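Shown here is one chain on its own, the form predicted on its own, set out as C-alpha cells.
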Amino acid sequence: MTSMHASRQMLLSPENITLRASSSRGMGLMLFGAICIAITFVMALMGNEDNHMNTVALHAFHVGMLVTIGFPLAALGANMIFHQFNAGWMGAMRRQFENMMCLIWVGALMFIISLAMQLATVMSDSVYLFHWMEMWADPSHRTELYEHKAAFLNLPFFLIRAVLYFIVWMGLARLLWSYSVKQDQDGDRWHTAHARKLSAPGIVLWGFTVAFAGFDWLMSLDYHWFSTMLGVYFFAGSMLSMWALTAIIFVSLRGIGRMSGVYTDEHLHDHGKLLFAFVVFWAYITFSQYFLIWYANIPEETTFFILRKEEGTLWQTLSWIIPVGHFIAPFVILMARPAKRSFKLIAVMAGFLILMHIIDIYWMVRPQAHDAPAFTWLDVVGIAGPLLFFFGALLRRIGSGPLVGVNDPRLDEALHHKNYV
C-alpha cells in the first residue's frame, strides 16, 4: 500500500468523516422552532386592530420563511453549477450542499403554514399579507392597476405557481441526491455524469423558478411596486447567506475534529473568496436596482424607497445599516488574503452576513405592515421559528451519514487542492 493510499484511507476514516450517532441531534432546535411558530400562529389569531399583532405575525413569519427557503434553494443551484463546471475542489464539500438542498421540504412546510396563517387572519380579522388577495376576493375593492395585473395576481394561479416551484426544486434535489447516494454505494462514476447532464436543464428551470418565486413572494407584497431586478436580488441574497451558512458548517466540523485534512485552509480560502464575491454581487444588484429607480423617478417605483426613507423611522435607520453592514464592512474585512484563510474570522463574518441577510429581508417585507409598530418581540419570535426549525433539521441531516461523498470521482483532486492566488 502506497503512502498516498494510506493517507487517503486515514483522511476518509469513519472517525474523520462521520459524526457520533445521536437520535436527539437537532431535535431541541426543531422543538424550539415549532414552539415559536405556534406562538406566532396564535398571535396571528389573537391580534386586533388596536395592537396589530396579527399583521406583525404575518409579516414576521414571512421574513423567516423567505430566509429559510433561500438556504436550500441556493444550495441546490450551487450544486448544479458545481456539476456543470466539473469543479474538482468541491468534491470534499459537495455532501454538505446536498444535505442542505434536500431540506427544501422545510421551506414547503413553512409556506403551507404561512398560507394557513393568512387564511386564518383573513377569516377572523380581514387582515392580508398580500393586499392583492383582498381585491381578488372582493371585486368592489379592485383598482385599475390591479385589473391590469389580475391575470397574474390571483389566488388560484398564485398557488399553482407555488406548487410548480416546489415540484421542480424537490424533484431536482431528489434526483441529484439519488445519484450521489448511488455513487457512494457502487462507485460508478456514471452517476456523477448523470448528475452533470441533469444539471444543464436543471439550472435553467431553477433560475426561472427562483426569479418568479421572488416576484410572487417578495415583490407582490405591494402590487403597486415592480422591479425587474427583484428576482436576481432574491437570488443574490440567498446565495450569499447559503455560502455563509456552509462556511459555519465546515468551520464547526473542523472545530470538533472532523474533516481534518479533507476541508483544509485551501478550501477555506476559496470559501472566503466566494463569500467576498457574493458580497460584491449583492451590492452590485442592490445598487443597480436603486439607481435605476432613482434615475427613472417613476412614482410606482419610487414609493418603495420613499416609505423606507421616512425621517425618524426604523426603516430609515436600517436603510443606512444595510449598505454598511451588508457590503462596506464585509468588503473591507474579507478583501485581504489572510482574512480568507482564518477559520475564526470567516466563521464570525459568516454569522454576521446571515444576520445582515435577515435584516435585509426584514427591511423588504416588514414596512408593508403599515399600521403596525416598527419592531416588537413577535418579530423576533416569528422570524426565529422557521430558522430554528430549519437549523435543527439541518443538524439531523448532517449527522445522518458520511460528511463526504466517499466515492466522488473528484475527491482525489479535492484532497490535493491548492490555492495559488
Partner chain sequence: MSILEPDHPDQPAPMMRSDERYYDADTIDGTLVDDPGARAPLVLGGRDFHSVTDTICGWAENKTPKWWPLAFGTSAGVAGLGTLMILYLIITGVGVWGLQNPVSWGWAIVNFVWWVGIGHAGTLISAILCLFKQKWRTSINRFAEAMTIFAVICAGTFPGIHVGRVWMAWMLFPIPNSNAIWPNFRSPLLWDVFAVGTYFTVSLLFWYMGMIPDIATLRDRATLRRGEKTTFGPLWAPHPLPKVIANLRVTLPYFQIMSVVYGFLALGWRFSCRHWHNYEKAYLILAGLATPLVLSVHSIVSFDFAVSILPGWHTTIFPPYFVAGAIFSGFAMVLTLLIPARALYPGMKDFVTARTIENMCKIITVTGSMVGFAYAMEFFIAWYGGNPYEMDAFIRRAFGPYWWAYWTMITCNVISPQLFWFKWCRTCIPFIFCISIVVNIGMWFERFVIVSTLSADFLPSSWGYYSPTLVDILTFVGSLGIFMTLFLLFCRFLPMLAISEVKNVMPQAHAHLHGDDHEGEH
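This is a predicted model, so every value here is computed, not measured. Residue numbers count along the first chain shown, from 1.
What comes next is about the form predicted in complex with its partner chain, which is not displayed.
For the options D184, D270, D125, E134, the one in contact with its partner chain in the predicted bound form, meaning a heavy atom within 4.5 Å, is D270. The contact with its partner chain in the predicted bound form, taken as any heavy atom within 4.5 Å, belongs to T228 out of T228, T143, T317, S178. The closest heavy atom approach of P201 to its partner chain in the predicted bound form falls within 4.5 Å. Remark: S260 does not count among the residues lining its partner chain in the predicted bound form, judged by a heavy atom distance of 4.5 Å or less. With a 4.5 Å cutoff on heavy atoms, R189 counts as touching its partner chain in the predicted bound form.
Using a 4.5 angstroms limit between non-hydrogen atoms, L307 is distant from its partner chain in the predicted bound form.
Three-residue candidate spot M30, V42 and M117; no residue lies within 4.5 angstroms of its partner chain in the predicted bound form by any non-hydrogen atom. Note on the interface: of 212 to 220, 246 to 254, 103 to 111, 67 to 75, the segment with non-hydrogen atoms within 4.5 angstroms of its partner chain in the predicted bound form is 212 to 220. In the predicted bound form, its partner chain lies within 4.5 angstroms of at least one heavy atom of each of the following residues of 128 to 157: L145, H148, K149, A151, F152, L153, in sequence order.
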